[in-house]
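Subsequent text provides structure tokens for two forms of one protein chain, presented individually as structure 1 and structure 2.
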Structure 1
């Protein structure tokens, strides 16, 4: 089984499997090291070796430290996007915002290491000269656009007053999420307080997005 069959259309598998596996193992290694040691103190050498390979593989595969971090951000970002689209499917307006907010909180609880690493990289990407700045900026823009669309569709569906400024509220919502995530990163132990912040955010959104 698994012999070198196929000549085209389907890609060869065995080598591809190997890289997929080493990618996955290095992702886990990187997440763990980022959460434990931080971005600065994490070395490409350690990532390779913790994943069970040589000291050089991480550098070879991703080209640079920034390349590795890009990969981490993309991977976990996609993970989140899948979850988000699943949860908000078919929903609009306040309902969609509420579902997204709840999913975000759940994501923090269920995969804390992945989410922590993701946002540690996120916040670190702010300064100039960060290789994965664009990746983060793209995710951020996409998030803001999605929220705006939900609000607009809520307005069009007659469930939200046309008087609200969708763009402004979307910006405010995204900023609030960032703020909450910051609090969570700084005080990982205070989960109940974080949950209450998510609740407050939902309440505030209901205030800001009244029925017509």
Structure 2
């Protein structure tokens, strides 16, 4: 007798599972190499090999280092968005910004290599000829929109003064987060000082977002 027929949908699910697994392994390999060697010395061949696949798979999958780095920032960005969505659910205004700030600090503590790789790529993207600059710019705009929305919802809900300029405060918040991360990248062993900077950011947001 022949092999029993597979149920409809089994093969696509198996393929999706294999793709998800290979993506996860490629991501971890790329993060490790970026953190240890920097983006210039990271190669597609080594990413594929470190992930446990053929040396040509990363090149086939991503096409170029720019494609690989776009994949890395998108993947880590999605991790952050999932966590941010979870911690800010049902929150607006200062409460949402406080939850987001605390989550960002935890992300640095709990997944430091992912954060380090993400921001190494973030800062390098401003250079000429970057293939993933538009990806980073899109993530930055999304962050600012989210913060503006939390502030505007706080204003609409009567928790924040209507005199507050949501766009200006959102820009300041996002710039502060990037600045704190830069300090952490330069001084990774000074987590107590970094935690203090996050705490100061929360206090600053309370001052900039007063009640009516």
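Superpose the two forms; the largest set of C-alphas matching within 1.5 Å is the rigid core. Everything quoted here is computed from the prediction, not taken from an experiment. Positions refer to the first chain, counted from 1.
K.L.:
I want to make sure I have the labels right. Is the form predicted in complex with the DNA structure 1, or is it structure 2?
P.N.:
Looking at both, the form predicted in complex with the DNA is number 1.
K.L.:
With both forms fit on the core, is the shift of the CA atom of residue 193 between structure 1 and structure 2 2 Å or larger?
P.N.:
For residue 193, whose C-alpha is compared between structure 1 and structure 2 after core superposition, the shift is less than 2 Å.
K.L.:
Aligning on the rigid core, do we see the C-alpha of residue 204 shift 2 angstroms or more between structure 1 and structure 2?
P.N.:
It does not reach a 2 Å shift.
K.L.:
Can you give me the Cα shift for residue 23 between structure 1 and structure 2? Core-superposed, in angstrom, one decimal please.
P.N.:
Looking at the C-alpha of residue 23 between structure 1 and structure 2, the offset is 2.3 Å.
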